[in-house]
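Shown here is one chain on its own, the form predicted alone, set out as structure tokens.
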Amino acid sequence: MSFVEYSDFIQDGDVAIVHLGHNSVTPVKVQHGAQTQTRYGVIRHSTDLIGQRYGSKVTCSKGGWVHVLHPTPELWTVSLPHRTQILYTTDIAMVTMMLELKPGSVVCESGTGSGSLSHAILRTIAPTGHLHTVEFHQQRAEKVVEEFKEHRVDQLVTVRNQDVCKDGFGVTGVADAVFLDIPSPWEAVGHAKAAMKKHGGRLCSFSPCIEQVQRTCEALTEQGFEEIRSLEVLLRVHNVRPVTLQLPDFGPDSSSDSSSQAGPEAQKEAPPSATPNHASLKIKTTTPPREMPGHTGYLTFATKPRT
């Protein structure tokens, strides 16, 4: 099992994702002799998981069942233990696209946090790319190192426990892209520029407040960055559901007046003058939610000039 490679069968030591319902997934470390308790009953790892295909339907001890899924960055994002506020798939998709990440890219990231974006970056740049990620908090840095090893992507990432605003990323002239998710990104812009390759590269900064965006954009301009753009991504999900529409009654047809004057024979051939009041039409349509998730943060993108 690896977050960047697919395996067919569940093995001892894997991290599997147990799908309990539409909005309920949980990661499970698969181990011989271990058990996982769910609301549908107990899952016994040795008999119910190990050797089974990923995607299998597993029956629990109470008769209920769950699906056991192969881990992906998207599933990890919605099931990981939160040590910090994380980026979700809506913003992550925009980041990976606008930074022009691809297999073989070298990326610098700060801060690592809970590793939500880190896993998506690793899947995108594998198998020949590398991620240099910096985390200021020592315990969070140690924990994410454990997770990268457990998820078998540690060969693609280097974790540093240091202050990126003072000490930088620990590398110079290697990065194709830099991502900043720190309280004062403007203090790290100079280090980001130094870490990027001499000829070009893309930078992204995530900030929840517009004042942070303003100071970051000023710093980017001072450092000579070009194509500076800020945006926010708002997700609006439309629900598909059947609705019943009453057909309107427009009253008697004007042709019925003329047909009444045309004699008995013409009246027999005339169509019904109006649609019955109870007539209706059932269709499927989409409706926007009454409430929707709002602002998450601003994404500021910039390009290092090719000098």
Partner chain sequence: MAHNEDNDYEYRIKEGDHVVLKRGDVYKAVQIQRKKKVIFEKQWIFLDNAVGHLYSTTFEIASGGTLQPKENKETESSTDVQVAGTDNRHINDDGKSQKLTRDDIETMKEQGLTDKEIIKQLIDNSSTFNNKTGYAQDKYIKKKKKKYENTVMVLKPTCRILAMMYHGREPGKICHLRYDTLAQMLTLANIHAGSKVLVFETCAGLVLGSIMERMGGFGSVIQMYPGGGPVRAGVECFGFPAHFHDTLHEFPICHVNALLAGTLDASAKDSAPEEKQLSVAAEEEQKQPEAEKQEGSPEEESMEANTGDDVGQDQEKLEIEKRQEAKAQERKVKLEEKRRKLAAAAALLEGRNADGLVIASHFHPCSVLLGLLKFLSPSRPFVVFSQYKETLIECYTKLKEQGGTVNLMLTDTWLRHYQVLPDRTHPLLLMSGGGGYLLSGTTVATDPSKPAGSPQAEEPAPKRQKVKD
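This is a predicted model, so every value here is computed, not measured. Numbering follows the first chain given and starts at 1.
Same protein, other form: the form predicted in complex with its partner chain, not shown, and the subject of what follows.
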Q) in the model of the complex, does Thr128 have a heavy atom within 4.5 Å of its partner chain? A) yes
Q | Residue contact check: Lys57 to its partner chain in the model of the complex, 4.5 Å heavy atom | A | yes
Q. Does Thr96 reach its partner chain in the model of the complex, with heavy atoms at most 4.5 Å apart?
A. yes
**Q.** its partner chain contact at Thr172 in the model of the complex, heavy atom, 4.5 Å
**A.** no
Q. With its partner chain left out of view, which of Val213, Leu87, Leu156, Ala219 would have a heavy atom within 4.5 Å of it in the model of the complex?
A. Val213
Q: Would you kindly say which of Leu101, Val145, Cys165, Ile182 lies with a heavy atom within 4.5 Å of its partner chain in the model of the complex?
A: Leu101
Q) So which stretch, 182-190, 106-114, 198-206, 148-156, is the one near its partner chain in the model of the complex (non-hydrogen atoms, 4.5 Å)? A) 198-206
Q) Does any residue in 225-244 get within 4.5 Å of its partner chain in the model of the complex, counting heavy atoms only, and if so which ones? A) Glu226, Glu227, Arg229, Ser230, Leu231, Glu232, Val233, Leu234, Leu235, Arg236, Val237, His238, Val240
